[in-house]
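Read the single chain below, which is given as structure tokens and is the form predicted alone.
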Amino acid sequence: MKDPLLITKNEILRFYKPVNPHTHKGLQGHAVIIAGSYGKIGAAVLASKACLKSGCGLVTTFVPKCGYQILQISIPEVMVVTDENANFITNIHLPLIPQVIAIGPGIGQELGTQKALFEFLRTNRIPLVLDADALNILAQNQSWLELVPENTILTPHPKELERLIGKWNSESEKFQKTVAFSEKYKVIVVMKGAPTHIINKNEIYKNTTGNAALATAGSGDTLTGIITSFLAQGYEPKYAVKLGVFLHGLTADIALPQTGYQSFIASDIIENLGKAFLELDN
């Protein structure tokens, strides 16, 4: 296995685009986030807010009906479209064509949701980020992976990765299997962990930011929102993932002196994004 290339600030600055002073929200991209089910609407809130706070111009979130008021009250900047079902997603219908769609945080694995994901993948041609329960559903229906657009981004934690590629007996086997998976389905895999790695076909990248504070509920939902935001803003998938994992980790490095490891929560990732961007701009 070849040595991973490091994702450093210098590497990020090679492709990072500071915001054009003459931009407007339409130029900053429109993202759709399909997320949430009863008891897990928080995942939709975290992903959507992280997406906005990473510079996306417009965010529309698709949730079951039970999430409508929660989202409208907790993030007034986000637009909301609801499924006809109260508690989980059963039929994905979007009244717009965004630059990117993220799907998975908190959606659960109800049969109706699985069918909705299949019907969505069958007709969708828009760039995708797949996370959480979308990955768990795909792990049970591997042939559906043939339906995803090339360079779709998958963001599994170790258990979700194992469900997708099977068990491994060593770190090198884990990487070999993930490279083979990435090549087979022509997808980019964000292998979340300490540290996080990105597998893009036979290229392996190792992130240099982040610490144990990120091992907390909702951390992955915010990462999905951040990566989705950069895709909406026009970054190519291979750059959006690098920038996303780097900034996500950087928020924890910035916050650590104030929060310590134990008191850092996913909302702190969102709150520290501004400082993380300023570190890139300096």
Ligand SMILES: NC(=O)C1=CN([C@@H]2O[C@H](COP(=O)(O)OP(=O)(O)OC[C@H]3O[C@@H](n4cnc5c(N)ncnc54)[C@H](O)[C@@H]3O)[C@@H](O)[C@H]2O)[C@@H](O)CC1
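One-based numbering along the sequence shown. Since the model is a prediction, treat every value here as computed from it, not as a measurement.
Note that the form predicted in complex with this ligand isn't included here; everything after this is about it.
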| property | result |
| --- | --- |
| Heavy atom within 4.5 Å of this ligand in the predicted complex - residue from I89, L138, A132, I153 | A132 |
| The single option of K177, H157, K186, K206 touching this ligand in the predicted complex, heavy atom within 4.5 Å | H157 |
| One stretch from 36-44, 65-73, 52-60, 235-243 that, in the predicted complex, holds residues within 4.5 Å of this ligand by heavy atom | 36-44 |
| Contact flag, G29 vs this ligand in the predicted complex, heavy atom cut 4.5 Å | no |
| 4.5 Å heavy atom contact, I107 and this ligand in the predicted complex | yes |
| Heavy atom of R163 within 4.5 Å of this ligand in the predicted complex | yes |
| Members of 202-228 lying within 4.5 angstroms of this ligand, judged by heavy atom, in the predicted complex | A217, G218, D221 |
